[in-house]
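Below you'll find only one chain, the form predicted on its own, shown as structure tokens.
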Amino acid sequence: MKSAWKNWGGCLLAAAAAVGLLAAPAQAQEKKYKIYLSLSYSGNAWQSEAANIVKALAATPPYDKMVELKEVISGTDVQAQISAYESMLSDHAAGIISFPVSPTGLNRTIKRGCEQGTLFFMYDATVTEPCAYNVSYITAGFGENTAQALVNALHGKGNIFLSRGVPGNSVDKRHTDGAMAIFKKYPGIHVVAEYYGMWSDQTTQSETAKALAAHPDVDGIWAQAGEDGAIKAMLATGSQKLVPVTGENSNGFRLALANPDYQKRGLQGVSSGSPPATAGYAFKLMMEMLVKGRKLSTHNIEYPLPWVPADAVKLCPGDRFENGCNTFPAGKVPDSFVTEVFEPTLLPELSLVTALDGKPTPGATIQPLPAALRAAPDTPGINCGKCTPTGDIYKLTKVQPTVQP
């Protein structure tokens, strides 16, 4: 992934000032910043890892002397997260870093918070309120690229399942919109079951099992997070038949894609999707703004899209992604562990202990972010309201059609 940051060239936007903590005024470094970590949906490995990354960074020097971090989990109800935001604003939060439940439902409260001087940084999921900062990969094209990969694997024909995420969330909407933009081009592709796996392996396994009972002749599965549950549902039927699956970044899914026996039985696919590391990137950007070390020229920041086809899965001998490895051996981490937690250019402070336990890496100190970042394209209903899409928002970037529509 490191090379992706180096190769953006003209797509990069220079920050107005070189990065943060090393250049921060002494008085700013002495200040204790009250930061809230606001989760809506919780209960899966991805959310736990993203929260753990923020907690670990907040406990890493010199943040450990600068940050008072409080975590609030409000659930999937919009009003509950609004109430949580309101309490944080009443407590005079300097910043709120959040996984928002809705792209639009929180806007009024966010705007009021911005007006009183609170910074709002959203990670992964996004909002359309212009004063908030969105740090996300979702505009990088997970939906359309994985859909095309599945179409290619099926040679343009077949019955498929859509295993979606959390209803009403901007991530689920953008993914599904992108996927359907591709599937609708192919009259031979038929969506025979659509269900919400809630980005959970357990829920996805249960819902996929129901779909398999109704449609045992399925030819492929397009899945968001929880995709390892879709694999387990197929294995639980006892059938020798497996079908192509495109999914996200769980360690179990990557191991399944590389399993020679599963490949012989029909499994193929690609691992892509959401990096929990976006939470750490958003948190460091917020801190650099708070200590007056950075000004951002855009409110929508794009994180690169991971892309690991089956033939690119490589086991890591240690605790980090090094020398091209991208997956841990079975037993080292749970199958549900989301692999995309490391980014050596942006987040060199992270290690396996930060993702699993929320503890700082021993001996690590916060390193300044690069002075350049990539602006995300305007996407109506996702990261902006009354705006015009910039170019073809569903343009393929990782895979090209091998079957023409």
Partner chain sequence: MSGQDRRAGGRRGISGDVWNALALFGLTALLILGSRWISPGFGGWSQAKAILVLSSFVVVVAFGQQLVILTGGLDLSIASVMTMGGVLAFTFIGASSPALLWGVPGVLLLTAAIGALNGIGVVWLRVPPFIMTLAMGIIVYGATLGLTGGTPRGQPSPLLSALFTADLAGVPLVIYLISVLAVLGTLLQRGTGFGRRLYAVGTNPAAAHIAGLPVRRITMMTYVISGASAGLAGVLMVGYAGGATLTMGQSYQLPSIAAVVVGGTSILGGSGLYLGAVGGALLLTTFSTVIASIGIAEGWRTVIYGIVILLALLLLREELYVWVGRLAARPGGIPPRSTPSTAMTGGNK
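Definition used throughout: the rigid core is the maximal C-alpha set that superposes within 1.5 Å between two forms. Nothing here was measured: the structure is a model prediction, and the numbers come from that model. Residue numbers count along the first chain shown, from 1.
Only in words, not in the display: the form predicted in complex with its partner chain, which the text now covers.
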Where, among 80-88, 330-338, 105-113, 182-190, do residues come within 4.5 Å of its partner chain in the predicted complex by heavy atom distance? 330-338
Even though its partner chain is not shown here, does Leu369 get within 4.5 Å of it in the predicted complex, heavy atoms only? no
Could you confirm whether Glu68 comes within 4.5 Å of its partner chain in the predicted complex, counting heavy atoms only? no
Should Thr60 be classed as touching its partner chain in the predicted complex when contacts are defined as heavy atoms within 4.5 Å? no
4.5 angstroms heavy atom contact with its partner chain in the predicted complex for Ala45: yes
Have a look at His155, Lys210, Lys295, Lys264 for me and say which one sits with a heavy atom within 4.5 Å of its partner chain in the predicted complex. Lys210
Option touching its partner chain, based on a heavy atom within 4.5 Å in the predicted complex, out of Asn249, Gln205, Thr176, Thr139: Gln205
Quick one: once the rigid core is lined up, does Pro216 have its C-alpha move by 2 Å or more between this form and the one not shown? yes
Could you tell me whether the Cα atom of Gly197 shifts by at least 2 Å between this form and the one not shown after core superposition? yes
Rigid core fitted, is the C-alpha displacement of Ala330 between this form and the one not shown 2 Å or more? no
